[in-house]
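Encoded as structure tokens, the following chain is the form predicted on its own, with no partner shown.
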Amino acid sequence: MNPGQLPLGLEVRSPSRLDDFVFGDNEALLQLLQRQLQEHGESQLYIHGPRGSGRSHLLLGQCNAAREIGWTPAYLPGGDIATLSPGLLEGMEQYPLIAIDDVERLAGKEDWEQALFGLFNRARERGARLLFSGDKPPSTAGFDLPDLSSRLAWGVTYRIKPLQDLQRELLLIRIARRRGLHMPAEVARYLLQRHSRDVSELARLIERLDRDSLAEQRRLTIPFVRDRLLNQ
């Protein structure tokens, strides 16, 4: 596989950027990600946190940062690639940055674990940077192959610290701004008090609010949002 020839669906085409992410108390993680793209930066990072903690945004943002410095990254969502052939990983070590999201979705699948173990060793030999995300740290992610679990823990492992309420408000305002929406702080606070605090679910809600506000030519106000929450 040649760089720039990722299989359909695995190319990095996402608006997610690191400077859009609200790091909150995770400034050390931002520094780790920035260093990974430098000449003598971290060769391997493993980020873990619960669903909705922004792991996918971070990996896609890192891939976009890599593209901006001329690298061709490979982004692989574990939940999607698990349904494909493990042969997909053959030659992937040619990419300077390999980001595997939800890597725990490959755990317990012997063929995938062996393929991932092989990719890991080839990537290390070639000097490719590795970036993983999971909902648990490597030791408890459920991998049956002991050598794979130990290799996933070789680099820096970072647990995402949850955002505080004010930081979550800022995140919602930024998500809305990316869609061209003005979300007042009181509306963001109202959403957090009355809706799931899962960031991915909130992002989907903002997408729906965007469509509805455009169709009805209404601004994001508490009465408008209240009406949409009652009728979802």
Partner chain sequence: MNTNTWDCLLKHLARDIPEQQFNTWIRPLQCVQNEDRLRLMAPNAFVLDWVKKNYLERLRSYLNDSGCIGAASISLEIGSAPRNEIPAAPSDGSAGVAVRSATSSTNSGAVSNGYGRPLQTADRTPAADDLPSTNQEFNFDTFVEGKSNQLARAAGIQVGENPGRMYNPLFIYGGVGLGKTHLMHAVGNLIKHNDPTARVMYMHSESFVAGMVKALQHGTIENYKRHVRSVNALLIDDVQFFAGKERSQEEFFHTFNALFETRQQIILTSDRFPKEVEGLEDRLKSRFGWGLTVSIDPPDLETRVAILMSKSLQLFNIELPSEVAFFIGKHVRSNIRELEGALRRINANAQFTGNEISVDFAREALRDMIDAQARMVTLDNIQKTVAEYFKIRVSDLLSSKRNRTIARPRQIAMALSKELTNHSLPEIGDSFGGRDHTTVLYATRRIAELREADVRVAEDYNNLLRTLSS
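Positions refer to the first chain, counted from 1. The structure presented is a predicted model; accordingly, all values stated were derived computationally and were not measured.
Just so it is clear, the following notes concern the form predicted in complex with its partner chain, a form of the same protein that is not shown.
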Handout entry: Heavy atom of Gly118 within 4.5 Å of its partner chain in the predicted bound form
Key = yes
Exercise for the section: May I ask you to state whether Pro223 is within 4.5 Å of its partner chain in the predicted bound form, using heavy atom distances? Expected result: no
Handout entry: Non-hydrogen atom contact Glu93 with its partner chain in the predicted bound form at 4.5 angstroms
Key = yes
Exercise for the section: Verify the contact flag for Ser213: yes if a non-hydrogen atom of it lies within 4.5 Å of a non-hydrogen atom of its partner chain in the predicted bound form, no if not. Expected result: no
Practice task
Kindly indicate whether Arg67, Ala74 and Val156 are, all three, within 4.5 angstroms of its partner chain in the predicted bound form, using heavy atoms.
Solution key: yes
Handout entry: in the predicted bound form, segment of 169-177, 188-196, 201-209, 40-48 with a heavy atom within 4.5 Å of its partner chain
Key = 40-48
Completion exercise
Contacts from 112-137 to its partner chain in the predicted bound form (any heavy atom within 4.5 Å), listed N to C, are Gln114, Phe117, Gly118, Asn121, Arg122, Arg124, Glu125, Arg126, Gly127, Arg129
